[in-house]
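The chain below stands alone and is given as structure tokens, in the form predicted on its own.
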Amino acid sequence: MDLYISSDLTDIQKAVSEFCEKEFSQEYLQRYEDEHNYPRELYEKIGTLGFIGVGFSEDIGGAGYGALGHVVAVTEMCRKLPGMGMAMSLGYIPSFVVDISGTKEQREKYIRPLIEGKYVAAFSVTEPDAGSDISVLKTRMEEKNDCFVVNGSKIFTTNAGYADFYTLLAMDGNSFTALLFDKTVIDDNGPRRFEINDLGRKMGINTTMSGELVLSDFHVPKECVLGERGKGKKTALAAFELSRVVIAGQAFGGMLYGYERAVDYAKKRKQFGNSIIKFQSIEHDLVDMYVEIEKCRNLLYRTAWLYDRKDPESNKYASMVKLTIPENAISVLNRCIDVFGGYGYMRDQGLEGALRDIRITSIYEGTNKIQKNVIARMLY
């Protein structure tokens, strides 16, 4: 029994697990990776079944279980197959900024269909010369009559190209403003689109596209402001707090995936006349992994619980889980590959792919060094 997970969430966890057991496969994932394609059909299925909406509020069509709900669903998807679970959750994690800061009309227009699996979201902040330091953003918006004119470029935008709506952070005078708009914006001169360039294949998560957005005199209606004008940094940071918790859930699911496969393999694999799980060196490795998993489980669930209660400590804890769990997940997956030996290095076993996919969790939504900076400011 877990102190933080209710019986309802346990039922949801079981439902997600059963679905993934049937629908997620290594062959399916590898095909989409090779094609560098997003598994939209599968994403629509998890929306129809309510798995996207577990953590979203009931007023917009969700189940209302908050951060804990998101964590339970995402962890279970990544526990079954990290690359596929990450692809599914990355379809909607960028929408948190709209759900948290959007008006009722904006949430109805974008979040409700997203929960149903009909929309994929994208959130663009990073630029070629502005990563962790968003104070040097060059993308700018200028007010012109009944619209804003946006010029600039963004990189590493997850879901670029096939997202249905985009949130973008731009310089607005001497401050920042967040803008929310469709893939195609209609104005008096007809449909307007921005340029999207695929940045190519990556170390992992190759079912998703990381793209460059180029906006040249791109017109955005004034009602597309998300949150308060001039308060874009606050809008972005509010979303990052929840995203960091859920991304830690991705990494935690990856840890479980590797550990459970390693235990199963160690029971079946025989050397020198015995199952290798009987060898003390293997036993100790598995025990070390188990202890790390339990520590991470408690930190993750506690953080989500604090977030849902709007506890002032939740922001610090969000950076703690974003720092700790990805680092441990990478370490555990490496050790799992060692348990498998040469077989662990083979693509069909899934472990090397899981390690490549999970590696990004220590980078996106704030690198480990940035998380340490955040925690340090709150400690001293």
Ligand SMILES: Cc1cc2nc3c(=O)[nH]c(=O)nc-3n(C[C@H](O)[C@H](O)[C@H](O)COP(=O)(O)OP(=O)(O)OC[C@H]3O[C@@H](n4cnc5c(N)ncnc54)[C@H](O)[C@@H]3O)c2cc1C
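What you see is a predicted model; the values in this text were computed from it and never measured. Residue numbers run from 1 along the displayed sequence.
Heads up, the form predicted in complex with the ligand isn't pictured, but that's what we're talking about next.
With a 4.5 Å cutoff on heavy atoms, Tyr162 does not count as touching the ligand in the predicted bound form; it lies far away.
Contact between Ile115 and the ligand in the predicted bound form is not found at the 4.5 Å heavy atom cutoff. Using a 4.5 angstroms limit between non-hydrogen atoms, Thr367 touches the ligand in the predicted bound form. In the predicted bound form, Val16 stays away from the ligand, with no heavy atom inside 4.5 Å. Interface residue among Asn298, Ser216, Ser132, Asn274 relative to the ligand in the predicted bound form, by the heavy atom within 4.5 Å criterion: Ser132. Of the residues given (Arg140, Arg269, Lys202, Lys231), Lys202 alone sits with a heavy atom within 4.5 Å of the ligand in the predicted bound form. With the partner omitted here, the stretch from 220-228, 302-310, 255-263, 202-210 that lies within 4.5 Å of the ligand by heavy atoms in the predicted bound form is 202-210. Counting a residue when any of its non-hydrogen atoms is within 4.5 Å of the ligand in the predicted bound form, the hits in 93-129 run Phe123, Ser124, Val125, Thr126.
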